[in-house]
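Presented as structure tokens, the chain that follows is alone, the form predicted alone.
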């Protein structure tokens, strides 16, 4: 039996609604942000999103049912990745829409950053110019696997957990710019706090690798 006009429209918007339902969870949005950094095991996602393995698996099944993520089993571990780059771009567009419509986001962010003296930022275009001039040292403070999946050219991988033990590797005659996963990632905030306490001139870049890539700037992948 052929579709009526109404039945056709209802069927189409029902499919659109599958995406909306899959994203109707703060934890699933956070997991999409994490997966924008590269593939991760269920165990890694569980730890980084601060939730149980069972809850992590349930959220991933919802995202997989909406075909936003894919999985691959290697031995005892299951690795998840975004279905394609469009999913990360969609997440970034959703984030931008929320930032433009919800003043609470700016208020929450400002209060958090003011408490940590981390309001000073470097923008992507300014960073690219200053790196070209050799004026700054760029630190990627994400975990090593995320750095290897994609990083800003010229960045040095110094995961936050290793930072204090590797301070001797960092120059004291240059400003240090730290970045992590994006504007709401706190790894770079913590890194700036450590560096300033140790006497380094350090500031934070708000954008992450996915934002850098979305702006049409090059990204290096570890071989």
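Positions refer to the first chain, counted from 1. None of these values were measured; they are calculated from a predicted model.
This next part talks about the form predicted together with the DNA, which is not shown.
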property	result
In the predicted bound form, the one of 166, 67, 47, 27 near the DNA [non-hydrogen atom within 4.5 angstroms]	27
Partner-contacting position among 101, 123, 73, 132 - heavy atom within 4.5 Å of the DNA in the predicted bound form	73
Interface stretch in the predicted bound form with the DNA - options 27 to 35, 152 to 160, 168 to 176, 184 to 192, non-hydrogen atom within 4.5 Å	27 to 35
The DNA contact in the predicted bound form: residue 94, any heavy atom under 4.5 Å	no
Contact of residue 78 with the DNA in the predicted bound form (heavy atom, 4.5 Å)	yes
The DNA contact at residue 201 in the predicted bound form, heavy atom, 4.5 Å	no
In the predicted bound form: members of 23 to 60 within 4.5 Å of the DNA, any heavy atom	25, 27, 28, 41, 42, 43, 52, 53, 54, 55, 57, 58, 59
